Ligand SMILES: C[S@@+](CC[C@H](N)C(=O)[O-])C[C@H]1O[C@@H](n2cnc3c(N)ncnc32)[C@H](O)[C@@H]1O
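We begin with a single chain expressed as structure tokens, specifically the form predicted alone.
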Amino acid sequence: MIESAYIHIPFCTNICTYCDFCKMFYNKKMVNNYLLALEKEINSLYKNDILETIYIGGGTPSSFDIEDLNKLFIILRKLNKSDNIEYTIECNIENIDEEKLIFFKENGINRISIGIESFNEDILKFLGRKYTKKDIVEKMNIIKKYFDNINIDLIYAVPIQSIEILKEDLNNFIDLDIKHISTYSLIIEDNTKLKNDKIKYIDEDLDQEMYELIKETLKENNFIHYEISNFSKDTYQSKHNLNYWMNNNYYGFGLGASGFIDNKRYTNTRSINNYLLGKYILEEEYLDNEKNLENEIMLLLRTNIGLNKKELYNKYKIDIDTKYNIKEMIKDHLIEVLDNGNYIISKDKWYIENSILIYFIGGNTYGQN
């Protein structure tokens, strides 16, 4: 059974300096052709599962005008939706307005994710975002008229950012009184303006200091740190992302989208020409029992849910206590045991999660990198 679907909309009215997602400039004719191809892909792969979550991401889905959005949502009507579905769409401050918000509400959207990134205008300019603090406050007040379940994104570890600027950003984010905040340390990806401009990462110690500041500030303001990069008020965790982290099956529709169905991970082409020709899938990987277990461990250890050894044994017929050095990691305070018996990475070690995962899966490499 597949409970989630991701829909990728690759169009943007502005290309950010750090973005390596599959995207292109908005073009009305190309949008029409793309939506025709998207409909064909959904028709060819979707098996009438009842979906508990749908996430429309990008790109910038809110770059669509009402005509485009109407065509998109007519296509999405064929997806069977649970009565309790979490139905999310990503939006940007510069192209969201009241007309679109009303359209979203009327078409079943009940969660909005906004890429704010920062209130600091120097940082916004550095990231290629074309709005101001005043724009953010005005648009967020309008969004909150129609939606309660709202995520906002924060980017930190920007080379021109100081601890003081981050503190001010966090205060501004908290003042918005939003239920979910996703935080991302800036990654300088290939084929982006930042990479082409030879921008360098900040010092790792400062990056960690910023991460710890975010954790403590949001905790003080009653946010639950439920995944490495995600914080929410109680009951507002992202159901869609939790489905990923629990290693459940999901559809990925659209240019560059990824999916996971029946032990097969697939990634769609990033070539718009191939996609329009119906050549959707670029790569496929079939996962054996061992690989699937490793992936599930790595995903669950990103969360405050952690590993349930009984559930993993029932699913994979493997005793993780025997297979991995869990007792040693507990002794070294890398892993802790929750009251329900689940294993999680110790909260004070979440910043070095990648090193611990390598140690967990690979044996005894922790501290040697």
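Note that residue numbering begins at 1 and tracks the sequence as displayed. Predicted model only: the values in this text are computed from it and were never measured.
Keep in mind that the form predicted in complex with the ligand is missing from the display, and what follows is about it.
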Could you tell me which one of L186, I75, L176, I272 places a heavy atom within 4.5 Å of the ligand in the predicted complex? L186
Using a 4.5 Å cut on heavy atoms, which of D207, D153, E296, E227 is close to the ligand in the predicted complex? D153
Any of the heavy atoms of N92 lying within 4.5 Å of the ligand in the predicted complex? yes
State yes or no: in the predicted complex, is some non-hydrogen atom of C19 no more than 4.5 angstroms from a non-hydrogen atom of the ligand? yes
When the contact criterion is heavy atoms within 4.5 Å, does G256 count as touching the ligand in the predicted complex? no
Quick one: is T53 in contact with the ligand in the predicted complex, heavy atoms, 4.5 Å cut-off? no
So which of 238-246, 134-142, 159-167, 177-185 is the stretch with heavy atoms within 4.5 Å of the ligand in the predicted complex? 177-185
Output the sequence-ordered list of residues from 98-120 with at least one heavy atom within 4.5 Å of the ligand in the predicted complex. G115, E117
